[in-house]
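The data below hold one chain only, encoded as structure tokens and taken in the form predicted alone.
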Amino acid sequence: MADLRRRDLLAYGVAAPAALVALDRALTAPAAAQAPKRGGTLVYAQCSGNRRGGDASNTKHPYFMVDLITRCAYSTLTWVDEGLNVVNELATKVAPADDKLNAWDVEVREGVLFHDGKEATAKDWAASFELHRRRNFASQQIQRIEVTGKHALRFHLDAGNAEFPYVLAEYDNVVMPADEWEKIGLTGIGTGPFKIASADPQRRMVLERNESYWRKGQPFLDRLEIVNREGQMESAINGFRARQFDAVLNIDPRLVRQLQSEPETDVVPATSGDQAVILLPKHAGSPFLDRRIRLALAHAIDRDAIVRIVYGGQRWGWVGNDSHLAGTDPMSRPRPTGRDVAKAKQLLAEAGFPNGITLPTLYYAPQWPEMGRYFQVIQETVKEAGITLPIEERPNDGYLKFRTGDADVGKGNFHKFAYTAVGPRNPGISLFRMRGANNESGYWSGPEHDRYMDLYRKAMVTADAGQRKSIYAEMQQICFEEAPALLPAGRNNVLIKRPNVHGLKNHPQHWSITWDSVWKA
């Protein structure tokens, strides 16, 4: 059953995020008298939706792996730890070349071997980033990569970025053997703790220990099996009960109380996690072109009810502030006002709807197990403000293409009033997601958008973190006043495991969970 020290501490609400990180480390670390044991197979199921799942031709590629957890087979230059701090991984040094912050020098670890025995050098990193700068949204700022030595690189950016080390930690941004960028990564060869042994696209992946892993003596497991249970959480939990799985990732936080009472079950929470983005399309004919209607919806949603009903309280969920920053981020600002039904009604009347409004259908997919409940709470709570909100669930398969439409709204293939999921990142990446060129902002435009982006550019060339915090606060205030998108509430990631599984730490970014220190007693 769940550890009583963790459960009691959480029940009384005395653990701050930093304390929870320390507690999780203490509870998942091997006992002092018990050395990690080598060997064995760990089988885990994951329940989150993978919108980019591959097929037989590319499922080993880091962009298409079965569960987005690429860190089993691949490595990055930096890593974001459980407290969302950036630390070096295969980089030994990351530093700006000058105070303009638009060129960064990186020194990479020597002696790191690919799964095929070849050494990973700066040439491999440069070739890998030729792909990443074309395909990874956070890496598109990279203009070119200069190899300055066998184990040294210089990244040239299109503008300054004080938080560039976080970009190097993005889960796509792994090292692969050098090749043309269109071909790179298809072999599945990386530098991670495990080598891909077999893959059944979107169903199962089997990995075996990399005996040449750069962290000497690790990983401890012989074999890691990943089973995709996207949208099948009950099946995954039943498999756990039947001892088919040693762990299940990304479960519904509302089930925590039930699972805590079950035998041979440890509940491992993260300090934060994903949140839902409600996309408000701003194409011709959309009601969300009117800022007053966007704000009315923002004021009408009962965010506290989402946390209470959907997540079972503040330990397992948190109120969002309509920016992409997670509630636990020290740079995050709470919304200045809570729910205000009277204000929502006033805004609707000013927009020409004194008797209420029926909005277009809001579409969602079950990327998390609780999504149906999440949108039902929104649908019910906005009724009080006179807002009728039809909702419709769509299958995970094909959902991304369905909701995004065409960025060129002149073509008539409009993006939908819909939902997507985002994970917690550093403020620079998170706040950049509200740019007008991104579907997540509904292709927001206008003077306030331009001011928002001017502030973003100012923050990126500001080296002092305290000064950046002030700029980020002003950007979030624009989000409160403009509501380009709605992010009402987020979830804390939760996994369950067996007590004989040691060293498995949960992570706010579920894709950043590491497996090289995990072992089975």
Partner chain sequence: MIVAVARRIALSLLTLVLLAIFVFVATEIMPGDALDVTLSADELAMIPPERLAQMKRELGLDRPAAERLVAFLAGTVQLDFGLTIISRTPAADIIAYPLRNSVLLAGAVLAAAIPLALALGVAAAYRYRRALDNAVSAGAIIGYSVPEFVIATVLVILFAVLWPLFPATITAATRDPAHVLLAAAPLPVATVLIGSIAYLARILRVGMIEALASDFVERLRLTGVPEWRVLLLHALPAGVIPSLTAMALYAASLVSGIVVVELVFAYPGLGQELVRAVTRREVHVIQAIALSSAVVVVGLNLVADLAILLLDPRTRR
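Residue numbers count along the first chain shown, from 1. These numbers come from a predicted model, not from an experiment.
Below, we turn to the form predicted together with the partner chain, even though it does not appear here.
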Which among 110-118, 233-241, 176-184, 306-314 is in contact with the partner chain in the predicted complex, heavy atoms within 4.5 angstroms? 233-241
Are D340, F375 and P488 jointly within 4.5 Å of the partner chain in the predicted complex, each by at least one heavy atom? no
I'd like to check something about R333: if you look in the predicted complex, is any of its heavy atoms closer than or equal to 4.5 Å to a heavy atom of the partner chain? no
Heavy atoms within 4.5 Å of the partner chain in the predicted complex: does R229 have any? yes
Does D397 make contact with the partner chain in the predicted complex, using a 4.5 Å heavy atom cut-off? yes
If you check in the predicted complex, is R204 within 4.5 Å of the partner chain, heavy atoms only? yes
Looking at T148, Q258, Q143, T361 here, can you tell me which has any non-hydrogen atom within 4.5 angstroms of the partner chain in the predicted complex? T361
Of G446, G352, G285, G217, which one comes within 4.5 Å of the partner chain in the predicted complex, counting heavy atoms only? G285
Which of the residues spanning 412-426 lie within 4.5 Å of the partner chain in the predicted complex, based on heavy atoms? G412, N413, F414, K416
